[in-house]
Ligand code: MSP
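The chain that follows stands alone, in the form predicted on its own, written as structure tokens.
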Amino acid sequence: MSKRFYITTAIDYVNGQPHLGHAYEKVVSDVIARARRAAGEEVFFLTGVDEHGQKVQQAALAEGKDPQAYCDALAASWQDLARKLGLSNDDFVRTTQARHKEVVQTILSKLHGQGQFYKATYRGFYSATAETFLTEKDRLPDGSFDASWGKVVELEEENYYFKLSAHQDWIIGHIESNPGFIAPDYRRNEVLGFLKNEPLEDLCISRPAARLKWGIPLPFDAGFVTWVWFDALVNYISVPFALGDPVVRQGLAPSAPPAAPGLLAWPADLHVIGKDILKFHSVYWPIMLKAMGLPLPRQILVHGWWQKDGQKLSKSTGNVVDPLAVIDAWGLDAFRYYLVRELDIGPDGNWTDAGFRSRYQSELANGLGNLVNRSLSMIQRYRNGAVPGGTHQLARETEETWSRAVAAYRANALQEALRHAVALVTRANQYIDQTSPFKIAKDPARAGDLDDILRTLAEVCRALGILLWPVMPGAAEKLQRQLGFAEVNTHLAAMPPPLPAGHLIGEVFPLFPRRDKE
């Protein structure tokens, strides 16, 4: 049994509806997962939802609902989003599932038995919005707290604490000795800057059940439930544990019987997260894993935030992008393409409706769509739908594009991979303009020249139909069907052999219809 390439998204909190940022993280994770599969790797791709905590309890009570029923309804909408985004995830975790609760309580019991927790009274400020305690460092110069914390109240309560501070030197050492652990580099530097300039405080990992009942009870003290973030982070190992991962099961519960089918996934190869939860994943989570005795994830890949028209996304002001509305209007492939093409993983991005329309028109309708339609229509018209023999005159450019795009996919440089593919589309369209096959077709003496052109265009379209599959699986599959293939080729490990002379293409139709009036 070989280890799978294990990639995760952050799990989304169910106290609201999905937005552009959620869709972006899921799409880029899916592109990475698909590219790895296409390169010949076995992949396990996990996404899901986070359902516990005070905000969920309050929202459910406000609607007069049982928290579980409230979560069930919202979780269904998040699962529907995964389907509508075309995700190829292998599992979908919900933190209210019994399989997850079991692992959380196993970990709590183990760490408690090791003396990693202690009980203490906290006096200070609490943000219900962030479900976290605040310190004097969080105050603004005038003594108030930033509005992003929501309502801040003073609390005095007893809780359990995890000895996080004892591991500060270790986590600094791990990050410094593993340069690829946090990417991009400036996020790594951000974490090191924090760790080297501020002492780590011990982590409160419980909430009194008298104040919050909607959580996983501490197995060693029924008067408390687990803090939502300690609960949520465990999802990355609770699913492998449930599916029989021997590394996780041996590390957490060596006496537990093995579980079929025996997935081998841990350690995670890639946690894809937003920059707002960097500390949780790059500091808290590695220290938790070290205390559990489990290997650490290999990389935390941190993406930026989207704005709309240069402004922060905000439901209150109406400055939002509804992913489902865009998909309904323009198609899933166009939506996925724009997300990956417009924003590299790392920096912040800016969505504009005009920018989306422009990329659709120039790169999908007039670029890729026009290339495929012109190329295959000429094969139908001039060669009765049969790919002729001849010389692939753009073979060098196609091979270079293939190797560069595949290398970019492997480096998680998705935007770069698309740039290479777009450059090949542009080159092939220029090739049509330069060779003028419509004119050559009128001269029977130049039938061999026309064969070379049509062969070249068929081979370029075939390569693009495979290279673009991780980003636009629907369009890539349609392209390959037009090329006459009943089975979709998704293999990036090596370029396909040349099309046999006489290969019959299929029905030709517009991949991306022009939308000039939209």
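Keep in mind the model is a prediction, meaning the values are calculated, not measured. Counting begins at 1, following the sequence as shown.
Unshown form predicted in complex with this ligand; subsequent notes refer to it.
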item: In the predicted bound form, segment of 269-277, 366-374, 401-409, 161-169 with a heavy atom within 4.5 Å of this ligand; value: 269-277
item: Non-hydrogen atom contact residue 235 with this ligand in the predicted bound form at 4.5 angstroms; value: yes
item: Proximity of residue 209 to this ligand in the predicted bound form, heavy atoms at 4.5 Å; value: no
item: This ligand contact at residue 305 in the predicted bound form, heavy atom, 4.5 Å; value: yes
item: Distance check, residue 11 to this ligand in the predicted bound form, heavy atom within 4.5 Å; value: yes
item: Proximity to this ligand in the predicted bound form, single hit among 313, 247, 134, 128 (heavy atom within 4.5 Å); value: 313
item: Position in contact with this ligand when the complex is considered in the predicted bound form, options 50, 459, 451, 477, heavy atoms within 4.5 Å; value: 50
